[in-house]
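Okay, so here's just one chain, in structure tokens, the form predicted alone.
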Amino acid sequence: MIKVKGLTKDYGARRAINNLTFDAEQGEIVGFLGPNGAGKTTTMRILSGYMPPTDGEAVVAGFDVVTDSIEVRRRVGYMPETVPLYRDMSVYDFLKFMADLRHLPNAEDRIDETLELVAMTDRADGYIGNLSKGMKQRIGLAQALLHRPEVLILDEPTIGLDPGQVVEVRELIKEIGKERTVLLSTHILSEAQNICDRVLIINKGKIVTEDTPENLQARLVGAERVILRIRGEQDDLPLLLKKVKGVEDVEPRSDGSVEFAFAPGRDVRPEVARALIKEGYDLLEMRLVGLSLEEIFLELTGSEGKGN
């Protein structure tokens, strides 16, 4: 539903994005990650028809963003980082205003349907200025969904929300993403790890890598890692683990547990468990660990601070 090839955008002498190529399919949630100034918002504005690229091609829902910009806008729902809302309007009146701007047929039915989708039917008559930040984000999402777009582009959809509101909006996006193509940017790396089917990491206007969060972990770690915890004395545990075929890099940890690795595709945990039981150890915990998306992000971009 989104196909980008060689997308480039210059602001005078500064190149904001450089030769981006990627795609996103229907029913897929793709996360767009990168530090401030990496080119995320510029790319989203081009894909939503807000501005043209300097070079390259972008096709959204089957239409070129330059030659068929109006058709693209009809098929895209765009939620900017700061949603422009009219505080003195009621929720229903604001959505009616947006529906009229889009000349939507059966506007009342569309509004009722969208309010139910974002769980705001009971707030329809409330004034926007009196609503919480989380509710305002839901209104922003509602206006992006009002015309039943095939593609949804969300720029930092959970910014400024408290933890409970983040969970609510995240679950809503996951539900919406079952039927639509969703491209979202976020600075909350754990959010991308939990919600996205695939992530694109962009730095200095170029895509550094793209893959599923799980595959990125496997590629960078190079092996599956396991934390093991037993009851009682464990002085002889590293030596025992090293005797199990396939176990690598056994390291005691400061918290009393032991960490070891095994090659991808060669899960040795059953053999480890049997060896421990045979030697009389009480097994308390054995869990897989991997690089977090934040660690992957910092390694790939070379950032020393938090990514945005």
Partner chain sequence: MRNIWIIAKKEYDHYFASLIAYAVAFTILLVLGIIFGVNLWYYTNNAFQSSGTIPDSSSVTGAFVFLLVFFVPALTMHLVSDENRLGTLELLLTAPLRDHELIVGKWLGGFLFIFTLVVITLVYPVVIDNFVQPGIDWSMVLTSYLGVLLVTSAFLGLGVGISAMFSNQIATMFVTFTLFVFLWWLVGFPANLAPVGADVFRYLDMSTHFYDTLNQGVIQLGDLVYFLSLTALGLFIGTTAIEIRRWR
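Residue numbers count along the first chain shown, from 1. It should be emphasised that the depicted structure is a prediction, and the values quoted were computed from it without experimental measurement.
What comes next is about the form predicted together with its partner chain, which does not appear here.
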Spell out, yes or no, whether the shortest heavy atom distance between residue 143 and its partner chain in the predicted complex is within 4.5 Å. yes
4.5 Å heavy atom contact, residue 73 and its partner chain in the predicted complex: yes
Should residue 179 be classed as touching its partner chain in the predicted complex when contacts are defined as heavy atoms within 4.5 Å? no
Is residue 103 close to its partner chain in the predicted complex, meaning a heavy atom pair under 4.5 Å apart or at it? yes
Report the residue, out of 263, 277, 51, 239, that has at least one non-hydrogen atom within 4.5 angstroms of its partner chain in the predicted complex. 51
Interface check vs its partner chain in the predicted complex: of 98, 228, 195, 202, the one with a heavy atom inside 4.5 Å is 98
Can you tell me which of 43-51, 246-254, 279-287, 56-64 lies within 4.5 Å of its partner chain in the predicted complex, counting heavy atoms only? 43-51
What residues of 68-101, in sequence order, lie within 4.5 Å of its partner chain in the predicted complex by heavy atom? 70, 73, 74, 78, 80, 84, 85, 86, 88, 89, 94, 97, 98, 100, 101
